[in-house]
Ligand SMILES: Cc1cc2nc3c(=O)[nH]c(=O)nc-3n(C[C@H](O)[C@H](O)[C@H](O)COP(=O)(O)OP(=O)(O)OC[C@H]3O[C@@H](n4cnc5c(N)ncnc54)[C@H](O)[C@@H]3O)c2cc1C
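A single chain, nothing else alongside it, follows as C-alpha cells in the form predicted alone.
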C-alpha cells in the first residue's frame, strides 16, 4: 500500500467525510482514517440546523438523508422556568432536520468513498510525524501494526478527544462553563411533531428532538459537579428531566429504549488551529454547548473552509506547503461571533429570572425572535444580527430581574416591559 497522500482526514465523522469528499472531487488522493470499523457512534442531539442543508445539498447527500427518514423541524419552542413558551419558526420555507447519527454518518462516508476517497478502519492515531517545522504524516496502529500515513495535509477531524489537536498544542476547557450531557432515546414521550423543544431550569436544560413518530432523543445538560458517576445514568436522566417545569408530564409514560450515554466536559477549544501541514476541523477545533445546535454545522462548514484554504496549494507543486493562515482567519470569522452569542445565552440559563425575561421579551417581539432564529439556525451571520437591540434589551432585563427584584414578575409575565 502506498501511504503517500495529498490529504488525510483523521476521523470519519461529518467533518472528515465532507473534507475528504471535496478534496477527492478535485482529483486529489485522499484517505479517511478512523479507530472504529465504520463511522463511530456519537453522543449527539441529532439536530441539523437549517444552515447544514445547503452544504449537504452541495455534496449530494441531502436527498439520501430524506430517503432514509430525516424529519424536518419547522419550529423551536423554548419553555421558561416559570412556564412561558417562546414559539419561534425558522424564516420562510427553511427548516432543520432530525436524523440519527447512525444514518447520517454512514451516508456521508459513502459519499466520500464514491467521490474517490479511501477509507481505512481500525486506525488508532498516536503521533504526528514532523520533518523540521512541518507536519508530514500521522502515525498509529492498524490491526496490530504500526502504520504511518504521509500526506501534504493532515486534517484533525477526530472529535472532542482529538489526538491531532493535542499533538499540535494545548486543548483548554472553558473557564466557567463546565457541563456534561446525558443523552438517550425514549418511546412514548408526549411531544409535537416537527418541533424541537428546550426546557429550561436553573443552570440546566433538556432538549427533546423528534427522531421518528415514536422515538425521541432526550438530551439533558447539567453542571458536571451535579453528576455522580456512580449513579445509574438512565435514572439520572429521567428524574432530572422530569423535574424541569413542563417536562414531567411529557415523560410520564415514556420508557427508555437504549442505554443513556454521557459526554463531558463539553466546552473546550484548541489553542492552535493550524501548523504547517496540519489543521483542525469540527469538534477537534472546539465546541461550546449544544444549546444552539452548533455541532454538526460547525463540522460541515469548517470542512468547507479548510478545503477552500488548502486547495490552491494542493493543486500546485507537490512540495508546496498549504498556507493555512487563511483557514484560521476564516474559522474565527465564521464561528467566534456565534460562540459569543451562545456564551451570553448560557449566562441567562444560569439565572432563571433573566431567562424568564428574555423569553418574555422575545415572545412579544416576533420580528427579533425571527432574526435570532435565523442566526442560531446558521442562516444569517451573527454579525448581521441586530446585536445592539438585543444587548440593550438584555441589560434592561438583567437590571429588572437581578436577585432581590422578584417583585417585578407576576404570573410569568414581564411587568412594566
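The structure displayed is predicted, hence computed values, not measured ones. Numbering follows the first chain given and starts at 1.
Here the subject shifts to the form predicted in complex with this ligand, a form of this protein not shown in this document.
Participant: Does each of 130, 276 and 307 have at least one heavy atom within 4.5 Å of this ligand in the predicted complex?
Facilitator: Verified in the predicted complex; spot residues all out of contact, no.
Participant: 308-316, 229-237, 181-189, 324-332: which one contacts this ligand in the predicted complex at 4.5 Å, heavy atom to heavy atom?
Facilitator: Looking at the other structure, the answer is 181-189.
Participant: Test of understanding: in the predicted complex, would residue 53 fall inside 4.5 Å of this ligand by heavy atoms?
Facilitator: Looking in the predicted complex, residue contacts with this ligand do not include residue 53, since no heavy atom lies within 4.5 Å.
Participant: Is it the case that residue 146, even though its partner is missing from this view, gets within 4.5 Å of this ligand in the predicted complex, heavy atoms only?
Facilitator: No, no contact at 4.5 Å.
Participant: Considering only heavy atoms, tell me if residue 101 and this ligand come within 4.5 Å of each other in the predicted complex.
Facilitator: Result yes; residue 101 sits at the interface with this ligand in the predicted complex.
Participant: Give a yes or no for residue 198: in the predicted complex, does one of its heavy atoms lie within 4.5 Å of a heavy atom belonging to this ligand?
Facilitator: No - in the predicted complex, heavy atoms of residue 198 and this ligand never come within 4.5 Å of each other.
Participant: Have a look at 260, 163, 206, 107 for me and say which one sits with a heavy atom within 4.5 Å of this ligand in the predicted complex.
Facilitator: The residue from 260, 163, 206, 107 that makes the contact is 163.
Participant: Of the options 350, 35, 29, 365, which one has a non-hydrogen atom that comes within 4.5 Å of this ligand in the predicted complex?
Facilitator: After the contact test, the surviving option is 35.
Participant: What are the residues of 362-377, in order along the chain, with a heavy atom within 4.5 Å of this ligand in the predicted complex?
Facilitator: Result: empty, none.
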